[in-house]
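Here we start with a single chain on its own, the form predicted alone, put down as structure tokens.
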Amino acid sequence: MSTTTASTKQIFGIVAEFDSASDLYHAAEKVRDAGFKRWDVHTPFPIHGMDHAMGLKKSWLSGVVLCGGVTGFTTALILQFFTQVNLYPTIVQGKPTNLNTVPAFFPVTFELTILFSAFATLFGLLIFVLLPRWNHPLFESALFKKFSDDGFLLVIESKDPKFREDKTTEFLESIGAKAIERVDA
């Protein structure tokens, strides 16, 4: 039977708990200003302005959704127009089989635009947030179990270029963390 000490395990990162949303907000600004890149905050509710405090940019997801919507719109018009006008002209109550019939295509075009946008949203989000991931090292943290109830947590990952366990721990203490925990990978 082998025993492994915490010091020989690979570290995932460091979790720091703060007293309030305001303290976490100001700590996030300090972490951003210190130049850390691989870090996140976890709170029981959204904190207004936290994206700005973390220095987050606009998400690429809206561009992916737009591409999905344009693809759905184009697909619907091409399929309907090609089949109803070119391939098999359908004359209904003497209406023309040309570009003037486009208003009849609006319901299907609308539905495919929404459908493709929804699929782009779902799959784009899964790709951007690297899901599915069935287990995460943070799930083993005692501090992390508090975030959905009353904890205000900041996690700095060991993959960050500026991460040094001792220096990062000292930095988190200096910005007001009331509890700090090492999380092993």
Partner chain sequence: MPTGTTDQGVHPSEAPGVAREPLVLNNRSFSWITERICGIVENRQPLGWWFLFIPSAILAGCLIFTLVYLVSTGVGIWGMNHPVAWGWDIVNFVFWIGIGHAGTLISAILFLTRQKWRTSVNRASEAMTLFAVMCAGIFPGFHVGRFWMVWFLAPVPNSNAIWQNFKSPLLWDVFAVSTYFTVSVIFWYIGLIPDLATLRDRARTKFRKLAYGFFALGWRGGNRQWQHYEMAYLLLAALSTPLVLSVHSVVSFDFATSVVPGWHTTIFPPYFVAGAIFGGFAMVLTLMLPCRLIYGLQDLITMKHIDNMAKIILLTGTIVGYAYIMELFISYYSANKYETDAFHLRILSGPYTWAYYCMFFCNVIAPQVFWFEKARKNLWIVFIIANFVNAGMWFERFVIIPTSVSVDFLPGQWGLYSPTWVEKLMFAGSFGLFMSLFLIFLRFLPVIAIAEVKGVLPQADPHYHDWKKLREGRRSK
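In this text, the rigid core denotes the largest set of C-alpha atoms whose superposition between the two forms falls within 1.5 Å. Not measured: the values here are computed from a predicted model. Residue numbers count along the first chain shown, from 1.
The same protein also has a form predicted together with its partner chain, omitted here; what follows describes it.
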Just checking whether Asp40 would be counted as a contact of its partner chain in the predicted complex - the rule being heavy atoms within 4.5 angstroms.
yes
Flag Gln80 as yes or no: does it have a non-hydrogen atom within 4.5 angstroms of any non-hydrogen atom of its partner chain in the predicted complex?
yes
Check Ser158 for me: does it contact its partner chain in the predicted complex (non-hydrogen atoms, 4.5 angstroms)?
no
With the partner left out of view, is Ile11 within 4.5 angstroms of its partner chain in the predicted complex by any non-hydrogen atom?
no
So which residues in 34 to 71, when you check its partner chain in the predicted complex, have a heavy atom no farther than 4.5 Å from it?
Lys37, Trp39, Asp40, Val41, His42, Thr43, Pro44, Phe45, Pro46, Ile47, His48, Met50, Asp51, Met54, Leu56, Lys57, Lys58, Ser59, Leu61, Ser62, Val65
After superposing the rigid core, is the C-alpha displacement of Gly69 2 Å or more between this form and the one not shown?
no
So, does Val85 move by 2 Å or more at the CA between this form and the one not shown, with the core held fixed?
yes
Does Pro103 show a Cα shift reaching 2 Å between this form and the one not shown after rigid-core superposition?
no
